[in-house]
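To begin, one chain is listed below as structure tokens, in the form predicted alone.
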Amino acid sequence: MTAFKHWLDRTGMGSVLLLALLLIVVFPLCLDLFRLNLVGKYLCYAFVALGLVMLWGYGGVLSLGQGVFFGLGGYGMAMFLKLEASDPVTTKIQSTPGIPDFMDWNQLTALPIWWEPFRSFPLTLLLVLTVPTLIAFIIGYAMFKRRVGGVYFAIITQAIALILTVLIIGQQGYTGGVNGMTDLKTLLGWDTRTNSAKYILYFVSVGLLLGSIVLCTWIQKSKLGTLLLAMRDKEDRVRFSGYDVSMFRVFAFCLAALLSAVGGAMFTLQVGFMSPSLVGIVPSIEMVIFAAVGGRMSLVGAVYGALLVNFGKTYFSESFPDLWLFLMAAMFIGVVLGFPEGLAGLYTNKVKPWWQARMAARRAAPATPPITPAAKRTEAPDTEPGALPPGISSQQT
């Protein structure tokens, strides 16, 4: 038992096991299917928050355009599902059967050639993972090699998010426009709208998320993680030591893009649609809030941040439909001002030291021996036979 506790302290897996217990046991037992499906959707955003911990917390580079990679992963999966839902039999009422309905509405008479790879599921999975990573590599290489960082990098990534949103909305015949891709029902013939499918997709999301946390924890504890921290705090010293700082940052940016794409693909599978409203500037900033509230240095804290912010968003929008945006802003400002290191910092700096001090005081306290009947007779005051109890005079009797 002691060796297991040492292993948990050394690897930091204790908080991961607690999170796994919450996601695998507590939520499925305590929540109905509707709420559990909402949690599954929130966990898709948690993938983006994990990437931001690696990029922003460890790499020191803030990206305000992670919605781009989330959307690319989601649109890649949506293209496959849309083609599967657009077989010639189902779309026989269209003027051109066999193509997605929004293409038919926009007078397209044939499937665009760049849609063809998405007829294959293995190729779709490959493209979902590689296309966002490749785009992140091109953007990161172009900017980090020229030592573009800080505020300028954040502004450029925001501009890319805006450009992609305008592109998606403008090319309605190829992307579905402002409505996005909807009516996504099956995956390889498996109906994703059934109750059993929702449970399975939830647990798949949890498994992928926990696997991503373990991978990122391993990176943080490796030499690469140490170098990322060193570059964040003393970039010039790392560069003078002979390391290529730009390529390490490109790696962190690509890793964050890959995780975001996985989250986007799982989001499409669980929710059944993908739209440009999930790609633009506002959702990208919301994703940064997840990491800021949870703690940008903590992987598990970022997951809790994504869950907390989205729970608050759902609760406030249901209970206070006219004020929920103000309440969300107040929550974010309060957490950032009160706990600059997020909820993870609150636990590390306040809760954990208080608990450790309490446990140390309890261990240092002397143990009180149990009082036996013989000891009670020994401690009792000596009284002569026939004497009255103390406090009672003979006159009272």
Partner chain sequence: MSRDHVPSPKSQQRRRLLQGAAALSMSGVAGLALAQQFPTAKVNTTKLAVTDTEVVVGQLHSATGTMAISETGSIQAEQLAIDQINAMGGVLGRKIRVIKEDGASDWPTFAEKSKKLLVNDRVAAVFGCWTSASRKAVLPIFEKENGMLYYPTFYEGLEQSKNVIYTGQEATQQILWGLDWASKEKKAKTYFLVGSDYIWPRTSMKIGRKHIENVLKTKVVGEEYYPLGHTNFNSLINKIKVAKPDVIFAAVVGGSNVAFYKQLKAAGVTADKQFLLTISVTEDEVLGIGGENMAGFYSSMKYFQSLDNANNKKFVEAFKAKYGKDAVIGDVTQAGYLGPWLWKAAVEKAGSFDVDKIAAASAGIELKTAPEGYVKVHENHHLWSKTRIGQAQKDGQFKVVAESPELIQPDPFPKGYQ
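Positions refer to the first chain, counted from 1. Keep in mind the model is a prediction, meaning the values are calculated, not measured.
Not on display, but discussed next: the form predicted together with its partner chain.
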The chain here is shown without its partner chain. Which stretch in 274-282, 237-245, 132-140, 258-266 comes within 4.5 angstroms of it in the model of the complex, by heavy atom distance?
274-282
When the contact criterion is heavy atoms within 4.5 Å, does residue 336 count as touching its partner chain in the model of the complex?
no
State yes or no: in the model of the complex, is some non-hydrogen atom of residue 233 no more than 4.5 angstroms from a non-hydrogen atom of its partner chain?
no
Touches its partner chain in the model of the complex: residue 37 (any heavy atom, 4.5 Å)
yes
When the contact criterion is heavy atoms within 4.5 Å, does residue 183 count as touching its partner chain in the model of the complex?
yes
Any chance 106, 169 and 322 all have a heavy atom within 4.5 Å of its partner chain in the model of the complex?
yes
Tell me, which of 314, 217, 158, 91 has a heavy atom within 4.5 angstroms of its partner chain in the model of the complex?
314
Quick one: name the residues from 194-210 with any non-hydrogen atom within 4.5 angstroms of its partner chain in the model of the complex.
194, 198
